[in-house]
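Heads up, the chain below is alone and in the form predicted on its own; it's given as structure tokens.
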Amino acid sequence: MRLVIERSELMRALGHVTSVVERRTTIPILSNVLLRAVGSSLELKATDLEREVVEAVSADVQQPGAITVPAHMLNDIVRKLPEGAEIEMVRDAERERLTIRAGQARFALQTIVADDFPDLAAGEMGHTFEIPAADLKSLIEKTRFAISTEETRYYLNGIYLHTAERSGQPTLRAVATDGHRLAQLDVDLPEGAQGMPGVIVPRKTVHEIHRLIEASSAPITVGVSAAKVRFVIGPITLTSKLIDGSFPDYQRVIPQSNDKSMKVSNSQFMSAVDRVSTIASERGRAVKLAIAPDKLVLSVTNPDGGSATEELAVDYAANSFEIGFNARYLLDISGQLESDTLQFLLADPGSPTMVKDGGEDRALYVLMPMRV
């Protein structure tokens, strides 16, 4: 294998693929990135056996071939080379070394043969569809904060992506819950997604996709099978195993008869919650909401640190009552809103509360109360 590649091209691709490489692994080849030179491009592939990222970049290939080298070491070398440098890579098959030259700098990296590199992408995807980058970004951003981190409830450690209906219209829906809060968002059902199985996309994969689509505006191709999901984002392909489990019947926890509606300015509410929760000894302490017609009083009491209250004007006309919520959970949900109207649909101090964006009906959130 022999090729010449521009530093910025290699740097960008390495940044994308090395993020899935574990720094500590008991399987040496998983620390490596696979480099495959063919035609006029260099293909880079990395995996942790749960996820695999592949990206092809243009290169002047003088002799095709494939080899694997330590991913993070290669990334560090390329990062420290001067901008605009032309990098030459030559494989020495006899000594199992990859020589890297740029200007007067020269490096020799130990290699492992490419044949030993695992392939996660094999297998057919039963359903394939295209989704606008903005829609996929919304599905992830509006729900990922509610993903559970509790490993014993592994089936909640991801986003449940499935087809559903809203107001009689077919939708692609993302749902995440950790048992304390639930986030749900619908987008128009893409063509080709009809009949796809409901899948649980793991938390690590969710964060990886979000990072990769950050700068993308072109439609993203999604492939789904019973065991894997694949995202094609321009020149990048991310394949991931799915969580093998059943997502709970989340519809049961979405309240249907919460008849007390309170509307408040989202920006004022966020600021007030942030201020009064300063007094709490930890972020998860409950904020008490004393709700009365046209008035909301937020308060936090900390036996060791004192107390704080703040009053807000609200649109509310039902009976007065008090309810408590985790301050961080309130701020997480408030941070997802597009408009400045935050709507609470309440029942009583012990029942789940539904939270909606006054300017958008695609998203809904459910929050379990806390004792105050």
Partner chain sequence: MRALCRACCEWSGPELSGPDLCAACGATRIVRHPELEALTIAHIDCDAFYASVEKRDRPELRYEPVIVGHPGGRGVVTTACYNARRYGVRSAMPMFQALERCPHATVIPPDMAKYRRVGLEIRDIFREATEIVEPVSLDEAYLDLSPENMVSTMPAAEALALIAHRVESEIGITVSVGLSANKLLAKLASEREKPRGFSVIGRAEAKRYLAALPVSKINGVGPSTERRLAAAGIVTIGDLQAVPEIELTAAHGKLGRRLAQFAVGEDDRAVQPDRPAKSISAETTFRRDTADLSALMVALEPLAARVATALDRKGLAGAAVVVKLKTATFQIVSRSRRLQRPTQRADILLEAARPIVEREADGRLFRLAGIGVDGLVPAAEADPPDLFGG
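Numbering follows the first chain given and starts at 1. Here the structure is a predicted model, which means the values were calculated and not measured.
Omitted here: the form predicted in complex with the partner chain. The next part is about that form.
Each of 177, 368 and 371 comes within 4.5 Å of the partner chain in the predicted bound form, counting any heavy atom. The partner is not drawn, yet in the predicted bound form one stretch among 143-151, 227-235, 96-104, 114-122 has residues with heavy atoms inside 4.5 Å of the partner chain: 143-151. Put simply, residue 173 is far from the partner chain in the predicted bound form: not one heavy atom of it is within 4.5 Å. Contact check for residue 182: a heavy atom falls within 4.5 Å of the partner chain in the predicted bound form. Although the partner is absent here, residue 253 lies within 4.5 Å of the partner chain in the predicted bound form, judged by heavy atoms. Within 4.5 Å of some heavy atom of the partner chain in the predicted bound form lies at least one heavy atom of residue 249.
Of the residues in 349-363, only 352 comes within 4.5 Å of the partner chain in the predicted bound form through at least one heavy atom.
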